[in-house]
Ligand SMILES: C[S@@+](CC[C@H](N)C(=O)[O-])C[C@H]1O[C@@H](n2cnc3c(N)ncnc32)[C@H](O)[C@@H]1O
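A lone chain, given as structure tokens: the form predicted alone.
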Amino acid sequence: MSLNTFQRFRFSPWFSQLVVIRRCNLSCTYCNEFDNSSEALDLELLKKRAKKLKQLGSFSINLTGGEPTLHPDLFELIRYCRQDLRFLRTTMITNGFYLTPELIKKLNQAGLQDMQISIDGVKPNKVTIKVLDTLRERLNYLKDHADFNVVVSGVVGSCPPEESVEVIRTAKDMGFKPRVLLLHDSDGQVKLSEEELAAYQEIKKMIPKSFPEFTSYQDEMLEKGSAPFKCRGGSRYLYVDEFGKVAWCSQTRHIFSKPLMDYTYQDLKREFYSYKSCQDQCTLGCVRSASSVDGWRNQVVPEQAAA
């Protein structure tokens, strides 16, 4: 049963991520969200999961992996989310390696609204090959053919710092929306060197203030080592893995997990108020953004629960 308007605005997800395939064609050493063997999930199963997210009141859906463009039915799933389920925003994440003019045109036809590509640097290194030297031609394809918005994220921490600056400069020059990500460890925590911090500060000056990519948490995190907030993972933000289980986020699958098809309004409400011990050091922008609107509302911390 779908939630009513009042229930949606109290606890429903602003943003949900749905894994469509765990397999990836790359093996970036900092990433823990892929394997090299999983099959694409059945389209009808993914449609059921997307429909359930809509019933839970999710306003937007993001298709992720692994590498979503490896899924043979990606275009139909995007069409279903956009036209049948009518999510406010239907988006995806990709590493960009399979982008061609033909694939981009099919994404246009399916109704994709936003694509995010994170680019780790300029030249391949032992950490990653997801860099400008290998993706520049694909970026030109997007510039020439994409009808959807393209966000290019520079990643500070995965390459020489000056390369992160070059990624942002290139994104701006090509007319894409530039964004910066801080490389996090397997627990979602940030660890950067002094040189990487300097690169972050330079990038910050390059991105217009009208772009809501820099919030106070990033500066606070880098200055103090933590940036307290009230995480609403499991409520305002849902991450659904390839097994159809909801987690607070991609990095906490081992801490909290419940089957999506069994998820209810009461689960949304409980996780909205639940305290997450990892939240103060969290660098996952999608979770922080989805939680930010509700920063004024209470959260049940362990001391309060025991009282």
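No experiment lies behind these values; they were computed from the predicted model shown. One-based numbering along the sequence shown.
Missing here is the form predicted in complex with this ligand; even so, the following discussion is about that form.
Across the proposed site, Thr94, Gln116 and Lys130 without exception bring a heavy atom within 4.5 Å of this ligand in the predicted complex. In terms of contact with this ligand in the predicted complex, the residue from Leu182, Val151, Met221, Leu103 that brings a heavy atom within 4.5 Å is Leu182.
Although the partner is absent from this view, Gly65 contacts this ligand in the predicted complex, with a non-hydrogen atom inside 4.5 angstroms. Looking at Tyr30, you'd find a heavy atom of it within 4.5 angstroms of this ligand in the predicted complex. At least one heavy atom of Val155 is located within 4.5 Å of this ligand in the predicted complex. With the partner omitted here, the stretch from 49-57, 22-30, 257-265, 270-278 that lies within 4.5 Å of this ligand by heavy atoms in the predicted complex is 22-30.
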